[in-house]
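Shown next as structure tokens: one chain only, the form predicted alone.
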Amino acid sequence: MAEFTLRLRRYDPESGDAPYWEEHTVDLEPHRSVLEGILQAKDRFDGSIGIRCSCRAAICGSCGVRINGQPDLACHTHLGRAEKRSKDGVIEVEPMGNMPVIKDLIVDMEAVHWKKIRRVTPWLIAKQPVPEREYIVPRESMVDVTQSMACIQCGACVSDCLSMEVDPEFIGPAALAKAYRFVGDPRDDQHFERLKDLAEDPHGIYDCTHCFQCISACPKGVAPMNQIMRLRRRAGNDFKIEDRNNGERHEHAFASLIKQYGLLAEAEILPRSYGGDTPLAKFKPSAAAELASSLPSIAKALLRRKVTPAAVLKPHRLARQDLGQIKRIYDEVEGREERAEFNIYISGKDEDR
């Protein structure tokens, strides 16, 4: 047995009082979970502590919280490890972010998480006519969706999604990972319609900022950002969807500039995203209009020397030798007969993540 101090964030919106921290000391073995520690504190000291839990086997996703500032499952985190990761030897537990708090450590999953899940039509739309017997699916097709199928809907990725902090309307990593589960399934009859919908939505697949937070947060290795990137590749490369948000053109311009200069020519990225992947894009009406509306941001960038007039007229290039190495990477990737899709459940072991 060992003593562990839990610092729980308490908050009851109905009381009208501000959130506050409350500490409790529990006696448990170090290998026991943070959830067990919270339940012991609830049983011994304060029965009003609010915590959602169910199976205690790290598979139902009910007990998602933030432990020492990081999202995790309370039943999946050992007290000993949590104490070692704490700043002052006290294990801090607070509710997940980006969702309204119902009470203490319980958040309103319906208001955000499940609302987003329903947004992506989370069920199979069968091809017609439906087979009289089993629909035989190639093994490689099911392998492709195993990673997204592993999601337990705990909401950890939603909790730490930086895009959702800036844009609460963003569909979000959990829902988009769920969307790929059906876009990657050959039995679904509306791959194009799903992708077109998610690409055209200004809060859809191109609203992700590649911050990797959802990958770090996920306790099951689903890597939601990877699934979002897969949706983008399917939409842009396979179905040639040019969305109204210029997301596909922006990605193409980004990759093209890196290939050309070895570094991102930031003064070129906006006009090429709206006017086409050419140095003359800035003179096209569609790009000129966007540049005009962005003048306040451009002025700030110039004042802070993030962009200089010299860089606009003559973008910096890497040395020829270094640029050659970057181009060789492009040649190798673009020269493959099939696009490589990394799936941790097939390509490696969990401890290799």
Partner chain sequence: MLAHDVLIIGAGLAGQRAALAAAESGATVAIMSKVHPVRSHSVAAAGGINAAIAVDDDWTEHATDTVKGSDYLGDQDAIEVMCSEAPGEAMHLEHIGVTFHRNETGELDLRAFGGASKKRTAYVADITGQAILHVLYEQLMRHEVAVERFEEWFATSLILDADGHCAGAVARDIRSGAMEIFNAKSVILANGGNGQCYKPTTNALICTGDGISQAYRVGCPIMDMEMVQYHPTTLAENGFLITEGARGEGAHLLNSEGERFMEKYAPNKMELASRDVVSRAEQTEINEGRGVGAHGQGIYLDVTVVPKKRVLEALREIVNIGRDFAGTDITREPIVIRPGQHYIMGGVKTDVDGRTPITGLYAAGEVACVSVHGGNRLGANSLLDTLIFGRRSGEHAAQRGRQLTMPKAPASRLRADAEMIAAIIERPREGRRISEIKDELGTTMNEYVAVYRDEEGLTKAHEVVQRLKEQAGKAYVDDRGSVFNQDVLGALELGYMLDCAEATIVSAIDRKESRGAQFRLDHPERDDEQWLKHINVTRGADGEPELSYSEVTITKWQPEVRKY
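Being a predicted model, the structure only gives us computed values, none of them experimental. Rigid core (definition): largest C-alpha set, two forms, superposition within 1.5 Å. Residue numbers count along the first chain shown, from 1.
The next section is about a form of this same protein that is not shown, the form predicted together with the partner chain.
J.: R118: heavy atom within 4.5 Å of the partner chain in the model of the complex?
T.: R118 belongs to the contact set for the partner chain.
J.: Can you work out whether W114 and the partner chain are in contact in the model of the complex, taking contact to mean some heavy atom pair no more than 4.5 Å apart?
T.: Taking the distances in the model of the complex, the answer for W114 is yes, it comes within 4.5 Å of the partner chain.
J.: Is G37 close enough to touch the partner chain in the model of the complex, meaning at least one heavy atom pair within 4.5 Å?
T.: G37: no, not in contact with the partner chain in the model of the complex.
J.: For Q190, is any heavy atom within 4.5 Å of the partner chain in the model of the complex, or not?
T.: No, Q190 stays farther than 4.5 Å from the partner chain in the model of the complex.
J.: For a quick check, can you give me the residues of 75-96 that have a heavy atom within 4.5 Å of the partner chain in the model of the complex?
T.: If the 4.5 Å heavy-atom criterion is applied to the partner chain in the model of the complex, 75-96 yields C75, H76, H78.
J.: Look at D12 and decide if its Cα position differs by 2 Å or more between this form and the one not shown after superposing on the rigid core.
T.: Passes the 2 Å threshold, so yes.
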